[in-house]
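Listed next as structure tokens is one chain, alone, in the form predicted on its own.
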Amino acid sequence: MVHDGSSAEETIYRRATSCVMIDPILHILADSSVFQGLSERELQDVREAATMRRYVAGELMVRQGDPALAFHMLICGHAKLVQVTPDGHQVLIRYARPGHSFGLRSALSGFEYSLSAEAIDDSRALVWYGEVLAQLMERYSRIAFNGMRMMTLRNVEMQLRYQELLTEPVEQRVAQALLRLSNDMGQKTKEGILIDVPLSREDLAEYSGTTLYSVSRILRQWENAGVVRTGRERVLVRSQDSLLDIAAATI
């Protein structure tokens, strides 16, 4: 019998034969900043070179100041990346979700981790030791190019955040911080964009470079105005347009 392409069996066959990267881990690798652009065969090679590690909530994945020996990419769960200043002050740098990575400098010998990564919830990560990552970069130049691009973008982001800290009022900085977090970690709901990681007011104060008192005052004002809604370590952005207006305001 000749198939005309309209039968259920034929539809299933087409879907099966056209489907690539059925493994969800390969999907995460393919969408990641470091491994995007690689073929399925190359992604399989990258996957086989890694070790899967499990972390419980509150466990350190890497510690600031330790030798940078391995590159991590989250497969499930979330992590908080922080730095501690010489005087002991903790600064929240960013959050990580599946597909996000840290420790790229492990491909170069003699470096230390510049931050600590703590699992927020039970998480799994693919881990490549530094020498293995360096070999993959030599084998697939796309990885090295992607890594350089990612490090450049992160450097630009940190420069912008430093500029904000020096030149912009606190209300703008908090608005910009919430916009970054909603873009990176946001989940759309009927009521707005939920920042889908535990986010205390202390965390937001660290992230925006201000005090707990200022963050509490600003969030209370915005909650009354219907811009955000806060709960126990949760922030829902109800009006992203309002935050954009505040973030772009000039004095």
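In this text, residue numbers run from 1 along the sequence as written. Just so you know, these numbers come straight off a predicted model, no measurement behind them.
Omitted from view is the form predicted together with a further copy of the same chain, to which the following refers.
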query: Contact label in the predicted complex: residue 154 to a further copy of the same chain, heavy atom within 4.5 Å; finding: yes
query: In the predicted complex, residue 74 touching a further copy of the same chain (heavy atom, 4.5 Å); finding: no
query: Contact test in the predicted complex: residue 144 vs a further copy of the same chain, heavy atoms, 4.5 Å; finding: yes
query: Interface membership of residue 137, a further copy of the same chain in the predicted complex, 4.5 Å heavy atom rule; finding: yes
query: Among the candidates 55, 207, 222, 35, the residue which, in the predicted complex, approaches a further copy of the same chain to within 4.5 Å (heavy atoms); finding: 207
query: Single option in 175, 93, 181, 107 placed near a further copy of the same chain in the predicted complex, where near means a heavy atom within 4.5 Å; finding: 93
query: Contact test, all of 25, 39 and 129, partner a further copy of the same chain in the predicted complex, heavy atom 4.5 Å; finding: no
query: In the predicted complex, residues of 165 to 182 near a further copy of the same chain [heavy atom within 4.5 Å]; finding: 165, 166, 167
query: Direction of Cα pair change residue 139-residue 106 in the predicted complex, magnitude 3 angstroms or more; finding: farther
query: Pair residue 139/residue 107, Cα separation in the predicted complex versus the displayed form, closer or farther by 3 angstroms or more; finding: farther
